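Only one chain comes next, encoded as structure tokens, the form predicted on its own.
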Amino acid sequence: MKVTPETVVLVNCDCAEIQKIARAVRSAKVYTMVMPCTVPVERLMAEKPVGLIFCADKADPAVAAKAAPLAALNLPKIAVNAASGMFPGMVNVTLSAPTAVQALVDFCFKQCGCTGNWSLEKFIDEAVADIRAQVGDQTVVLGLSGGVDSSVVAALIHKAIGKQLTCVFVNHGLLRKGEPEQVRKVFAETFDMNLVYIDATDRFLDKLAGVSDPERKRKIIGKEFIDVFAEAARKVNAPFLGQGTIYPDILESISFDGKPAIKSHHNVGGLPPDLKFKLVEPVERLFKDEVRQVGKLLGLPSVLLDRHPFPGPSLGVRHVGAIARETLAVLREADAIVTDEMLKSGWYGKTWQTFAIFVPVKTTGIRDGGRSYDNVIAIRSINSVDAVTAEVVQLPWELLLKISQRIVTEVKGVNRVVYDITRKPPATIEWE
């Protein structure tokens, strides 16, 4: 197991902002890990921590009892928020105070002996060495989606082992306009990678025909993707599978005090049992913003790294109701206009996600001097830190009018554009 020198462990005693605290301390070049308060002492000590930060939102005697073995360790310790009420002997930091993060950083440097020598440049060098040691002269197959995580992992593994990596890019027909060409150009031409491109558009869309239930659509897309990827992986015959697992994925897979985990850890958990891979997950201890920074250091273009998050089922969950090729094309064109205008106006980088949704509702309108009966496109623009909650962005009225005018003028089959002004919760970010 890889151990990072000068690791400070954040002990989670039910703290909602634990990831925020971890990222803040990491920004001072101090490596942090998050572990539940119920973690066995032996597992925690395997990371060779130099200090512990106990975090809680409310004092809970029962949780304090569970964390007692960790609180008794002979290591520098500090408490955040209500954790001080649980462990009275610890120095307390109130997260709402303006100097809270600096107090934690000072603790790491002054009490734990940290030197601030953790950096993403150093991480890349260590990751490359780790991949080479793990893989040796064997081969790795990686499912490339074009998203940030898989793209950075592809670049990192390629830097380590070059042509021993084969990327499989499956086009399921639900990607954004120009995306298949863009991904192929970057990885096959710019990085000179082994890239297997599979156009499975008809295979996916035929399976989705007539299916309107959102969960059924998700399951069909997920299962078909696994089947297509498995077929390609068998041909590559690689013993290693590269994955874009990041640190929040791991944190969300850990149950806390009996609460169910938010999601399972591995991205491709549904692969057939005969595909017996050993996993290569080089960014599994990085947060999303750190993954983007690593991508920049590796030379990935902004067009890939700075894109808004895109759901796994892609446009499949932004097309409400049953997917037809004609209406999917309408959505793809409308979404391209939204992105184009957001980029030109400078608002793209100010929002977490801004996208178009196809609404299977027809309304009366006017086109070419006559009556039209066409579809509706909705626009959604939100800001979020972790996608758990989201606030609506108040885009400039002039920008919305321009987007609307372009969509109804340039996209055949649309005569009305609406704006979604609902927070999360109660709404979700995606419409399906």
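Numbering starts at 1 and runs along the sequence shown. Here the rigid core means the biggest group of C-alpha atoms that line up within 1.5 Å when the two forms are laid on top of each other. What you see is a predicted model; the values in this text were computed from it and never measured.
Another form, the form predicted in complex with a small molecule, is not on view; read the next lines as being about it.
* Considering only heavy atoms, tell me if Phe277 and the small molecule come within 4.5 Å of each other in the predicted bound form. => No - in the predicted bound form, heavy atoms of Phe277 and the small molecule never come within 4.5 Å of each other.
* Asked: Is Trp352 close enough to the small molecule in the predicted bound form to count, meaning some heavy atom within 4.5 Å?
  -> It does: once the small molecule is placed as it appears in the predicted bound form, Trp352 has a heavy atom within 4.5 Å of it.
* Asked: Does Pro311 reach the small molecule in the predicted bound form, with heavy atoms at most 4.5 Å apart?
  -> Heavy-atom contact with the small molecule at 4.5 Å: present for Pro311.
* Contact flag, Arg218 vs the small molecule in the predicted bound form, heavy atom cut 4.5 Å -> Heavy-atom contact with the small molecule at 4.5 Å: present for Arg218.
* Answer option from Ala387, Ala378, Leu400, Ala28, heavy atom within 4.5 Å of the small molecule in the predicted bound form -> When the small molecule is considered in the predicted bound form, the option within 4.5 Å is Ala387.
* **Stretch from 99 to 107, 303 to 311, 132 to 140, 233 to 241 whose residues place a heavy atom within 4.5 Å of the small molecule in the predicted bound form** => Result of the contact check: 303 to 311.
* Using a superposition on the rigid core, decide whether the Cα position of Lys424 changes by 2 angstroms or more between the shown form and the other one. => Passes the 2 Å threshold, so yes.
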